[in-house]
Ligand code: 15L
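One chain is shown next in structure tokens, namely the form predicted alone.
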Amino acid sequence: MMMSEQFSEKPFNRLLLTGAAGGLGRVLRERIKPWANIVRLSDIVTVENIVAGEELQVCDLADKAAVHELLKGVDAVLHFGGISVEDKFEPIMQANILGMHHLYEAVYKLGVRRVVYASSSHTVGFYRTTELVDADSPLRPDGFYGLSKCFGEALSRYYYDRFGIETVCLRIGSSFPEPRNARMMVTYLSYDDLVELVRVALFTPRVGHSIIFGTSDNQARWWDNSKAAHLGFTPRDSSRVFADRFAQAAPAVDPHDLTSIYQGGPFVTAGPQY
């Protein structure tokens, strides 16, 4: 991977973290500091309390020129920016589709060689909870948000095949301090496991274009990561420790409740009602 010309005792001189004001961005902000001399934090809103070793660059991903400026001097990108919930198509298109294109154009033109992309399990949300899905399973997005993440995965694949830019797409499940409901007993990704997932995605010497599901070592599984074994991701946490809170972790499926039939849960009904 291409490093900055500046000598660095840390693996990277400058890492870019987009979406730094978001929930996962705030977690990563503190944890990635040992990896770089400078962590460039970016979001569409300001990020508070910038300290030594950090720099702030407010940026709207829909602004092509601003994104190009954002990528200058960057060694690698942790792309957690954009809209992270279901919404109308237009705002998702601006941030997650047009913004993704702007990011990769800047990555290509400025010679950045590695992107870690926060994709989502909602790229396959319309698989049933009785099915096991892997990286080669056909995409089945459960809304405009999931659809935008499908675009991001396809776009990053194009930039790898055409220009050799390596990307690891993290199909993140539910990353919170603890599961919030029975569904999250399956999709739970602890913060420590999230950081480890990002670490292996960033530091594995050759990743090509890889897709990996972001989940801890939970008892029930919807996703098979065997095709991402080269990344060496070994989650250490599990939702098992919260099992007493959700005695009905695998309840009988109501045939009339789409949110219990499909892996996407509430996302499958969250969009516009036609």
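Each residue number is its position in the shown sequence, starting from 1. Predicted model, so just to flag it, every value in this text is computed and none were measured.
Same protein, other form: the form predicted together with ligand 15L, not shown, and the subject of what follows.
Region of this chain that lies against ligand 15L in the predicted bound form, out of 157-165, 126-134, 197-205, 83-91 [heavy atom, 4.5 Å]: Heavy atoms within 4.5 Å of ligand 15L in the predicted bound form occur in 83-91.
Contact label in the predicted bound form: Arg183 to ligand 15L, heavy atom within 4.5 Å: Because a heavy atom of Arg183 falls inside 4.5 Å of ligand 15L in the predicted bound form, the answer is yes.
Proximity of Gly173 to ligand 15L in the predicted bound form, heavy atoms at 4.5 Å: Because a heavy atom of Gly173 falls inside 4.5 Å of ligand 15L in the predicted bound form, the answer is yes.
Proximity of Tyr145 to ligand 15L in the predicted bound form, heavy atoms at 4.5 Å: Output for Tyr145 is yes: heavy atoms within 4.5 Å of ligand 15L.
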